[in-house]
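Below you'll find only one chain, the form predicted on its own, shown as C-alpha cells.
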C-alpha cells in the first residue's frame, strides 16, 4: 500500500497552501487518491497557514493529518509546533532561512534547506515554497516533478505560466539540496 500523509506549514503569503495544492493535483494526475485540506488564521498575510495532503493508491478514510510521514516547515513557529508530530522514520524539511533553531529529532530524516535564501537568488522569495517542495520530493519522490509542473497551470492559471521555468529551477535546486543533505 502506498500512502503518504503530508503537512506543510508556515505563515500566510509563503505559498504553503499552493504547494499543497500542487502535490494534490500532481497525485491526481498520476491516478492516485488525494485529499487537500487547508487551515489558516483570519489574517490574509502573515498569519498561520498550513495544509494537510494525503496521497494514496487506495481510498482515503481520513483527510486530517495529525502525524505526517512528510512535513515541510517554512518558519520557526511551525518547526516548534509540528516537529514532534512527524512519524518516526518520516521526513522533515526545514526552511533554515527562517528557522533560527534546528530540529532536534534523531528518529526522522531532517532536510535543512535555505529555501527563502535560494528563492531570493532565483529572483523572488515567492519561489521559497517551490524550493522546499523540491527538497521534499528529493528526499521522498511521492509524485513526479513533471506532474507538479503540469499542476502549476491548473493551480496558477495560464496567465502565470511564464513563471514555470523559474519554478522548475526552484524545484530542481530544492531537490539538489535534499540529495546532498540526505546523503551527507
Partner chain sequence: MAHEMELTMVKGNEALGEAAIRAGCRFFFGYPITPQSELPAYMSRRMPEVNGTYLQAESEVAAVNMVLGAAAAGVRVMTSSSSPGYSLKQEGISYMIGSQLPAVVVNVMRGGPGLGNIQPAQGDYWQMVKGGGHGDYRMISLAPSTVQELVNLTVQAFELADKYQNPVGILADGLLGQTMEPVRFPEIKEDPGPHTKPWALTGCKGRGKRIHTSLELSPEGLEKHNIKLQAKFKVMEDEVQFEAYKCEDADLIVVAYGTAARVARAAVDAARQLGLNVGLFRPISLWPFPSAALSGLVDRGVTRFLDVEMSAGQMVEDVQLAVLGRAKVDFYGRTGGIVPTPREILNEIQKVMGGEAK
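Positions refer to the first chain, counted from 1. Bear in mind the structure is a predicted one, so any value in this text is a computation, not a measurement.
Quick note: we don't show the form predicted in complex with the partner chain, though the next part is all about it.
Highlighted residues 145, 148 and 164: none comes within 4.5 Å of the partner chain in the model of the complex, counting any heavy atom.
Distance criterion of 4.5 Å from any heavy atom to the partner chain in the model of the complex singles out 67 from the list 30, 57, 67, 121. Contact annotation: residue 152 falls outside 4.5 Å of the partner chain in the model of the complex, judged by heavy atom distances. Taking non-hydrogen atoms only, residue 34 approaches the partner chain to within 4.5 angstroms in the model of the complex. When the partner chain is considered in the model of the complex, residue 21 lines it closely, a heavy atom lying within 4.5 Å.
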